[in-house]
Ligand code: F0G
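Single chain ahead, by itself, as structure tokens, in the form predicted alone.
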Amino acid sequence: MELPFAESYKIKMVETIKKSTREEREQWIKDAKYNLFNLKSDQVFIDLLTDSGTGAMSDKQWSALMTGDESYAGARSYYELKETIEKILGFPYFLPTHQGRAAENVLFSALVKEGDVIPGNSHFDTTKGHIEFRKATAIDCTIDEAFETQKIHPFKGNIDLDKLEKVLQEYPKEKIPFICVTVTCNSSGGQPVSIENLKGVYELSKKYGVPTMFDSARFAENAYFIKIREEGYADKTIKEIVREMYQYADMMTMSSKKDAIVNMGGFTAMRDAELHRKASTFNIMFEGYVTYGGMSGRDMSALAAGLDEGTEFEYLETRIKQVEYLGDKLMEYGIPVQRPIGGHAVFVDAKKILCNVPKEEFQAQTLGVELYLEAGIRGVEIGAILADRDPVTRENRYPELELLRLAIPRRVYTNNHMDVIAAALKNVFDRRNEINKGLKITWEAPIMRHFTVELDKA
């Protein structure tokens, strides 16, 4: 008899979570202005808002916390992290920051100016926000297959090389500070990018004299998919695949709160000494001294341990199989999701579920509210609210994908929780034809509105 799959860890500590009544949830979401970000964590039973900083650290990481060096300058923890980054990713220079968007702020301050364009694969919210805040433009060059949720393609995060070359031909290289490749690509459903595609992008970048930057929050999950899906990589270790991936990058940013499994932290890394020197000025201005940035020594030590642990196959297999488990359950119930299932989340196709809700009434946000009301489960909208307004016309942008993301924290929930999520969403799905009205915006911030937007019933 073949043995069933089991997690590659055992549980040492538990945290109590609270259930609630539908009546309580109706009042709480109303008080939160129908913005799931505004809910208190005690008002949530299963929290799938994000996988960022919500994972459970290991015994090795907790041990590393105790050895952290809190010296202001030249801390041992900094050099531990520097050595780990160079060993795993191959970059000789790096700057620690408090999280990924801070790394973007530091690097983009050194590189991006008004009028620039940054081509890439479905730039995520903070990336696009930092670009547009500087009056530059993000150009999406993702392959068309990414926008067909029911179509199977092993690497839906890939950049369309023809689209990319068109941008590189249309604009002078002085207007393109870098090509942004997100691995895995969150906005298209946690979808990976193949080595073949990374190599193709890099060859174009060299042809046109434009550097390549990887947004690396989930780089290890990307390497896992390369191992199991791309020909020629089945016998390679995750670390070997990672080193090959980063041969095709000149610089990177990382929110370490994802694949390094820490609660706070990030960094930017590069090969060019002069770029490091230039970015260091902004790191000191915005984050802290160059050897701690926005991080304490203990957090840098835990991050170094997490980078090593997070690039091991056994850990990644356990993590990604749980996401697949939830995705398979939802598909079994006939619920349309982005296929194949991504690395860190299941992305539910709200357009195909709430067909009676006009796009102007924010289908994915409406679906997220309905799921919360059903069972106290919090997801997040990856759709028209997150897409924000066009910075020039100020009209709402309606992306091709209108998704509810169910992001699974690492090593936090059991498959019993996945069963509850699937059953709750099935209940919403079964009454989808009764949901005819969505939500309207009553207040929004001028940029990156989705975090603080206030809504009411339409």
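Note that residue numbering follows the sequence shown and begins at 1. Remember, it's a predicted structure, so these values are computed and weren't measured experimentally.
This protein has a second form, the form predicted together with this ligand, left out of what is shown; the following refers to that one.
Contact residue in the predicted complex, chosen from 43, 52, 38, 58 - any heavy atom within 4.5 Å of this ligand: The residue in contact is 52.
268, 186, 365, 222 - the one with a heavy atom within 4.5 Å of this ligand in the predicted complex: Among 268, 186, 365, 222, a heavy atom within 4.5 Å of this ligand in the predicted complex occurs only for 186.
This ligand in the predicted complex: contacting segment from 279-287, 256-264, 350-358, 235-243, heavy atom within 4.5 Å: Every other range fails; the passing one is 256-264.
Non-hydrogen atom contact residue 315 with this ligand in the predicted complex at 4.5 angstroms: Result no; residue 315 lies far from this ligand in the predicted complex.
Contact test in the predicted complex: residue 78 vs this ligand, heavy atoms, 4.5 Å: Heavy-atom contact with this ligand at 4.5 Å: absent for residue 78.
Interface membership of residue 215, this ligand in the predicted complex, 4.5 Å heavy atom rule: Yes, residue 215 sits close enough to this ligand in the predicted complex that at least one of its heavy atoms falls within 4.5 Å.
Contact test in the predicted complex: residue 405 vs this ligand, heavy atoms, 4.5 Å: Result yes; residue 405 sits at the interface with this ligand in the predicted complex.
140, 147 and 191 all contacting this ligand in the predicted complex, non-hydrogen atom within 4.5 Å: No: no residue has a heavy atom within 4.5 Å of the partner.
Stretch 424-456 - residues with a heavy atom within 4.5 Å of this ligand in the predicted complex: Heavy-atom contacts within 4.5 Å come from no residue here.
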